[in-house]
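Below you will find one chain, with nothing else, as structure tokens; this is the form predicted alone, and questions on how it binds or moves follow later.
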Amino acid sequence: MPFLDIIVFPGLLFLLFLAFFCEWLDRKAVAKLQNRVGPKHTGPEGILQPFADFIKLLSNEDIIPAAVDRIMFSLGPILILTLSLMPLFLIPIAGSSALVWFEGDLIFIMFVMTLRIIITFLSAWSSTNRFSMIGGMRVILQMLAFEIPLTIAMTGPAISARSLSLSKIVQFQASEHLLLLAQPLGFVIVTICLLAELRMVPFDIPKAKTEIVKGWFVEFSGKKLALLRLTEDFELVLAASLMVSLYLGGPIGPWQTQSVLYFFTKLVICILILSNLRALFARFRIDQALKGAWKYLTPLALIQVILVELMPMVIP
């Protein structure tokens, strides 16, 4: 594996700039829907604003409260960032095969996403702040509730492709058809669950400023807060990339051509979908969010998988 691929394309630097771009796109889209301006002055149309915010947070004072668990409090942001970055190397971006892929990498992505939630809860608990603890409890309750229908729904494309590898799921769509056409219900379920995984409106109750003063990372500042903000950008890229790879064919374009431009176009469309949803709805209470996950999304995800397994889809 060439070293430059890991660092430059489609590696770490590429993903870093892509994360900043996706944050800018999300902020501009939501601002437009809410009749606001959004980022404007830093760079053309404010495109450098996420990078400027990151640099500013890095330069701020890093305060560690006296009562925290110093080891977990310090390691938490680094571990969360690492766990959010790792799955991105398993996403097919420039071709039908990812930079790193193996049979079962979809299960690995699910495992890493779950492990990230546990580390998030431990980081919140290590803050020993009442608002952080409440936010951490809400994070783990909401994320685990939505990860069940998400995991079930994500097995639909795997069943169709007869593989647990994202790269092979993309290759299946290149030779057959886009799975969005065969599994629209699964796409809707995955989109809703990923919105909750991102803790975006209407599922932002774990970090709502008006509820619990910015939630579980209220005690983090300086470099730690910068890493956590960057983590949210990587999570947005991961969520949109999963939608693209599982249902939209990844970088596969018309006539089975492959290009990063196809992937990038589909990624922008998925981010705009997520942005529209978070601008459209009001915040759910935590009990409403959990009820929706257990009572509605989980049964629908099971129905979706049963239909995929037992009833062959007819594509027009």
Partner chain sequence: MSTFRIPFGPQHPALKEPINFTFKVDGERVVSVKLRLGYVHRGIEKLAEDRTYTQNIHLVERVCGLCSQAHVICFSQAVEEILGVEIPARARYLRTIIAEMERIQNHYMWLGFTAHEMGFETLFMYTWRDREIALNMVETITGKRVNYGINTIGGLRRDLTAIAVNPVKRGLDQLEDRMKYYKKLCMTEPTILKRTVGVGILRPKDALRFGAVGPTLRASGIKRDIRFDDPYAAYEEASFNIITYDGCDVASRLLARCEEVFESIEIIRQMLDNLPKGKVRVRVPSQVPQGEAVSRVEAPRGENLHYLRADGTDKLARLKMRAPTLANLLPLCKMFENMNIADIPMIIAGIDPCIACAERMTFIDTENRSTNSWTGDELRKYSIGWYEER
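Only a predicted model underlies this, so the values are computations on that prediction, with no experimental measurement involved. Numbering follows the first chain given and starts at 1.
Quick note: we don't show the form predicted together with its partner chain, though the next part is all about it.
*Asks:* Could you tell me which one of 212, 93, 243, 195 places a heavy atom within 4.5 Å of its partner chain in the predicted bound form?
*Replies:* Contact check passes for 212.
*Asks:* Taking 4.5 Å between heavy atoms as the contact cutoff, choose which of 134, 75, 115, 178 touches its partner chain in the predicted bound form.
*Replies:* Of 134, 75, 115, 178, the residue with a heavy atom within 4.5 Å of its partner chain in the predicted bound form is 134.
*Asks:* Any chance residue 261 has a heavy atom within 4.5 Å of its partner chain in the predicted bound form?
*Replies:* Although its partner chain is absent here, residue 261 would stay clear of it in the predicted bound form, with no heavy atoms inside 4.5 Å.
*Asks:* Is there a heavy atom of residue 148 lying 4.5 Å or less from a heavy atom of its partner chain in the predicted bound form?
*Replies:* No - in the predicted bound form, heavy atoms of residue 148 and its partner chain never come within 4.5 Å of each other.
*Asks:* Is there a heavy atom of residue 130 lying 4.5 Å or less from a heavy atom of its partner chain in the predicted bound form?
*Replies:* Residue 130: contacts its partner chain in the predicted bound form.
*Asks:* Can you tell me whether residue 268 touches its partner chain? I mean in the predicted bound form, with a 4.5 angstroms heavy atom cut-off.
*Replies:* Residue 268 lies outside the contact set for its partner chain.
*Asks:* Choose from 151 to 159, 170 to 178, 201 to 209, 99 to 107 the stretch whose residues reach within 4.5 Å of its partner chain in the predicted bound form, heavy atoms counted.
*Replies:* In short, 201 to 209.
*Asks:* Could you list the residues in 26 to 46 that come within 4.5 Å of its partner chain in the predicted bound form, counting only heavy atoms and keeping sequence order?
*Replies:* Going through 26 to 46 in order - heavy atoms within 4.5 Å of its partner chain in the predicted bound form - the hits are 33, 34, 35, 36.
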